[in-house]
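Given as C-alpha cells, the chain that follows is alone and in the form predicted on its own.
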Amino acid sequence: MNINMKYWGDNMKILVQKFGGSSVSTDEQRKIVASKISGAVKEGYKVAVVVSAMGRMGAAYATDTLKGLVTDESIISKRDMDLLMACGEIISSVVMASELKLLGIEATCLTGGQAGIITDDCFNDARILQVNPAEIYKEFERNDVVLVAGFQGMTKDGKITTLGRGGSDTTAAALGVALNAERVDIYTDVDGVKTADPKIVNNAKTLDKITYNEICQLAHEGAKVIHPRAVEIAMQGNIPLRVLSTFGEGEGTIVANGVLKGENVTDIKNDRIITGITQKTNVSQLIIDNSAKDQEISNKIFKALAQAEISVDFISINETEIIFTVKYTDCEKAVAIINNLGLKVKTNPHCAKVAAVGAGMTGVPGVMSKIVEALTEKNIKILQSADSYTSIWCLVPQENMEEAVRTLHEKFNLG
C-alpha cells in the first residue's frame, strides 16, 4: 500500500477515531459518540472519524439490511452491489456530522474515495493500494472533524468499492498511517483486548498493552476485537492503535511495539510468556492414508482442493498420513474430492482450534509441555498441534473447546 503524504499537515495534531455499527445505532448512542469526538477536539486534535453503517441486520441502514433489499444477489454484479453496500456508511457519516454541529463543532463528510482511498477492483473485498489524504488536509483547514465513510474506497477509474469484513477498521488504520496520526482509536462494545473470550472465561482480564504481532495472531485465530488487516497496516506505519469501549471511561488496550512517546518505563523485563488464549470453532480434520508413500499425493490433494476454493489449515505430512483441517462447511465437499482421487480419508468433523499466543514464548522451553500437561489432566484429547515463534495451536474435539480455553487460561495465570 502506497501512502502519499503531504507535509502541510506536519503542524497538525491528528487523531483517528473509528466507531463501529453498534456504537452509532441509536440516537442516544450517537450522542455518546459525539461527546467522545468533542473531547478529542477540546484536547487540541484535528479528528478524522471513521464510521460504520448504523446497527446490525434488521436496522434500517445496516449493511446486511441494505443487501437484503436485493432479492437475488446472484443476478447483480459485485460492482453494483458495492454501490448499495457503501450507502450505509455514507448515511452514518452525515448523521454523525449533524450531531457534532449541534454541539458547535465544525465537521464535514467525505466518502472513502473522496478521502483519497484508492483500491484495486476486487469488488466486495477490495484491497487498498494508495491513500492520498490531500482532501482531508484541505478540510482540516476549515473543520476540526472530518467524518470518513468506512468500509469503502474507489478504483483508479472512479468505481466505488467495499473492503470486505473488518473494512472500517482497515479504513481507520490506513488513514492513521497516511495522516501520520498520533494514534488510531478503535471504539467497540468491549473495554479492550481480553486474555480470553469473557463469554467462556469469567475472569478474563483486559490487557493494558499488546504488540502488533500478538493481536494479529489473536485475530487470525478467532478473536474478533479488530481485523488483522488493519493491524498489519498500522504496524507498517508504526502508528499505535488503541482498542476501547464507546460506552465506558477505561483506557482500553494499546497496540504498539516498544515504548510510546512520553511513556515512562518502569518494567525493564516483561516476563509474560502467554498473552492470551483464543479459539476457532467449526473445524474439521481430515486424515488421508499414504501408506503407499506416493510423493505426488500431497500435490494432487492440495491442488484439487485449491481449484474447488477450499482453504486448508493445520497441515501435517508424514510418511504414512497427510493430515489437515478445513472449515466444517467444506468438509463433505473436501471428502468427495479426495475420494475422487482414489484415496481413503477419515474425518473428525467436529473440532475446534485453541491457540495460546504470546511474544514472550519465543525461545522459552517448556511452554508446549505445560499445554499438554494441562489438557491431559482434564482428559482433553489433542488431535493435532503446531507452533510458531509466538503461537501454539492445539486441535481438540469441539465439545471440549470451552474447557480447553479455561484450562489454558488458568494454567498460565492469565486471570
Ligand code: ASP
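Numbering starts at 1 and follows the sequence shown. Just so it is clear, the structure is predicted and the values come from calculations on it, not from any experiment.
What follows is about the form predicted together with the ligand, which we do not show.
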Of S93, Q279, T253, S168, the one that lies within 4.5 Å of the ligand in the predicted complex (heavy atoms): S168
Assess the spot marked by T211, E214 and T275: is the ligand within 4.5 Å of a heavy atom from every one of these residues in the predicted complex? no
Taking 4.5 angstroms as the cut-off for heavy atoms, does A53 touch the ligand in the predicted complex? yes
In the predicted complex, which of the stretches 158 to 166, 300 to 308, 287 to 295, 135 to 143 has residues with heavy atoms within 4.5 Å of the ligand? 158 to 166
Members of 79 to 95 lying within 4.5 angstroms of the ligand, judged by heavy atom, in the predicted complex: E89
